[in-house]
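This document starts with one chain, in the form predicted alone, laid out as structure tokens.
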């Protein structure tokens, strides 16, 4: 079970059917297959996921803790809407918490962590964007590996949740005509090389620049 994928207050002993349904709906939301603000009808999701009504309701309740789903007046659910203000809040928190986690991770650097970081960066460099799910999984693994040596499980959980909240906005930014001009692989390489050299100031600088550029592209896309 991917503990980092679960909301902060989730009981890890949830039934497997609920967990699988939770993961399936979560991916639909994060990938933009369910649009922001879209009403989530139990009947439609039963057909789409080939799942029962009870696991779907339980999964949607769990996703409200992730802030990916909203309950509508206790009568139903909808995909959480997006807004510039919400994105700015996510970006501000993400930069603050991930800088803290990255600096702590580098301060506690070990050969095991460095070897794992080298391996996951190599996999990310080889990952093909055409295989969206594999790329997204590898991309998140790279960012979480950078932070995982911080020795604070709670901080990691918050960083993981903020990463997921940001994914939908990154997908929106990806629609910008100029987004393809970014050399994202080079941005990752600069973060990786500074971290592996244990240069915490440079690693943090490159990481925050990486996130803020996505924000700049999103703002340009929405104002176009």
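Computed from a predicted model, the values in this text were never measured in an experiment. Numbering follows the first chain given and starts at 1.
Another form exists, predicted together with a further copy of the same chain; not displayed. Remarks below refer to it.
**Q** So a further copy of the same chain isn't shown here. In the predicted complex, which residue out of 49, 184, 155, 198 has a non-hydrogen atom within 4.5 Å of it?
**A** Filtering the options by heavy-atom distance leaves 155.
**Q** Quick one: of 103, 71, 122, 116, which gets a non-hydrogen atom within 4.5 angstroms of a further copy of the same chain in the predicted complex?
**A** It is 71.
**Q** Which single stretch, out of 105 to 113, 82 to 90, 122 to 130, 135 to 143, brings residue heavy atoms within 4.5 Å of a further copy of the same chain in the predicted complex?
**A** Answer to the contact question: 82 to 90.
**Q** Even though a further copy of the same chain is not shown here, does it sit in the predicted complex so that 191, 209 and 213 each have a heavy atom within 4.5 Å?
**A** Not a single residue of the candidate spot has a heavy atom within 4.5 Å of a further copy of the same chain in the predicted complex.
**Q** Classify residue 58 as contacting or not contacting a further copy of the same chain in the predicted complex by the rule of any non-hydrogen atom within 4.5 angstroms, answering yes or no.
**A** Within the cut-off, so yes.
**Q** Does residue 28 make contact with a further copy of the same chain in the predicted complex, using a 4.5 Å heavy atom cut-off?
**A** No.
**Q** Since only the chain is shown here, I'm wondering whether residue 62 would be in contact with a further copy of the same chain in the predicted complex (any heavy atom pair within 4.5 Å).
**A** Residue 62: yes, in contact with a further copy of the same chain in the predicted complex.
**Q** Determine whether any heavy atom of residue 167 comes within 4.5 Å of a heavy atom of a further copy of the same chain in the predicted complex, and answer yes or no.
**A** So residue 167 does not count as contacting a further copy of the same chain.
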